[in-house]
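Just one chain is shown here, as C-alpha cells, and it is the form predicted on its own.
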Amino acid sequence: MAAFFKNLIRNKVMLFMVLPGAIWFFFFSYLPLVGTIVAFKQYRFNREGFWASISKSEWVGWDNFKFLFSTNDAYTITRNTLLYNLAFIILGLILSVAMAVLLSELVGKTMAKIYQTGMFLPYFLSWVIVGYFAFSFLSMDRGMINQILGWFGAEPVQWYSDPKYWPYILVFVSLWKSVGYNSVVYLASIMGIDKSLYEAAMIDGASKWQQIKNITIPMLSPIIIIMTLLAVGRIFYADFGLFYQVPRDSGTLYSVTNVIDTYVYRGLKTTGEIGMSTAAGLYQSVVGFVLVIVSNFVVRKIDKDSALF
C-alpha cells in the first residue's frame, strides 16, 4: 500500500493531467452504464423521479431485444448496417491515406493548407444542411442533376423514389464528409516521419512511388491499424443523420436506407418504448466491444506492437 501511494505522489503531475478526461469518462461513459438495466424493463415514467421509474417498471427480460429480430426487417437493417459500414471503412481508409499522401507531397505549403481546409470543412456541416445540399442536386423538379439531364434531352430521374441509386449516393456523401477529417490524422503521422529516410531513398535512386510504398505506407501502418480497429468497434452503428436526413425519410427507399439506428428511432416514435431503444443501444455496444477484442487479438498474433492493448 505504501508503494502505491509513493507511485501516486511520484506521478502526481501526470495524474492531474489526465484527471479532467477521467472525470469526463466517469460521468458520461461509466455512470450511465447503470441505465442499461432499462433494456430489460418495460420502462414507464414515474412522477417520483428517474430511479423510481426504473425500480417500479416491470421486468421483461429479453423481450426488448426480440423487437430487433422478430420482424421481417431484421435481416434488411442488419445487412444495410454491416455493408454500408464495411464500405465506409474500406473506401474511407484508402481515400484518406491517399489524400494525406498527396497533400504531403505538395511543394507549395500555402496551397496544401487551402486544399486541407477545403476538404476539412464538410466535416463541420450538420447532416440537416448536407441533406438540403443533396436535395438541391437530386430534386425531381429543380434539382441540378435533372436540369443537366434535361439539357441533353434525357428524362428526369425520380431520385427519392428509386432505391437502386442510393447505395452509391450514401457512400459518396459519407466519404465526402469524412475523408478530409480522417486524412488530417494520417497527414500528421506523415509529418512525423524522419525525413532522413526519404533522403536516403532519394540517394539510392528511389522514385516517389517507391518512397511512398516502402517508407510512407509501412510507417503509417500502426495508425492505420488503430483507426481501423476503432472503426470496426462501431460497425453495428450507423450515422443516423446520413441515413435519415439525406434520403429525407422517404418510405420507398427503406430497403436500402433503413439501418438499425433509423429503425429503432421510427419504432420509438411509434411505440414510445424507451426500453426497446436502450436494448438496441446495448446490443450495438456489446457487439462492437466483442469485435474490437477479437480484432485486437488477431492483430496481436500478427504484430504485437501494432495492437491497441
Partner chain sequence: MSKGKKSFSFALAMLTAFALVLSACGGGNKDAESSGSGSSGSSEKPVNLIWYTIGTPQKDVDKVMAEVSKYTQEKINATVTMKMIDWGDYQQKMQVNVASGEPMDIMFTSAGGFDYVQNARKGAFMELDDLLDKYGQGIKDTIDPAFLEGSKVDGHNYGIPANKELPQQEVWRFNQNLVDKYKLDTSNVRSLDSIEPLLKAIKEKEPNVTPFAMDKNYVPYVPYDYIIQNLPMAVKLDTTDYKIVDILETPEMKQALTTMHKYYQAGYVAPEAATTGSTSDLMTSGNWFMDRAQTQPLADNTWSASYGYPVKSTPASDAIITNTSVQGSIMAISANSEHPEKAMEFLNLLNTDPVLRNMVDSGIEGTHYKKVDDKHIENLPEGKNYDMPSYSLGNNMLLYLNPNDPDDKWEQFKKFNAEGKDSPILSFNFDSTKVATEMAAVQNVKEQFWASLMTGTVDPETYLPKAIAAFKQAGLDKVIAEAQTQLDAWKAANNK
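Residue numbers count along the first chain shown, from 1. These numbers were taken from a predicted model, which means no experiment stands behind them.
The discussion below concerns the form predicted together with its partner chain, not included here.
Q. For G61, is any heavy atom within 4.5 Å of its partner chain in the model of the complex, or not?
A. Outside the cut-off, so no.
Q. Is there a non-hydrogen atom of Y165 within 4.5 angstroms of a non-hydrogen atom of its partner chain in the model of the complex?
A. Contact check for Y165: no, nothing within 4.5 Å of its partner chain in the model of the complex.
Q. With the partner left out of view, is S55 within 4.5 angstroms of its partner chain in the model of the complex by any non-hydrogen atom?
A. Because no heavy atom of S55 falls inside 4.5 Å of its partner chain in the model of the complex, the answer is no.
Q. Does I217 reach its partner chain in the model of the complex, with heavy atoms at most 4.5 Å apart?
A. Close contact is absent here: in the model of the complex, I217 is far from its partner chain, nothing within 4.5 Å, heavy atoms only.
Q: Sort through T71, S221, T228, Q210 and report the residue having a heavy atom within 4.5 Å of its partner chain in the model of the complex.
A: The option sitting close enough to the partner is T71.
Q) Taking its partner chain in the model of the complex, which residues of 2 to 39 have any heavy atom within 4.5 Å of it? A) Counting only heavy atoms within 4.5 Å of its partner chain in the model of the complex, the contacting residues of 2 to 39 are F4, N7, F26, F27, L31.
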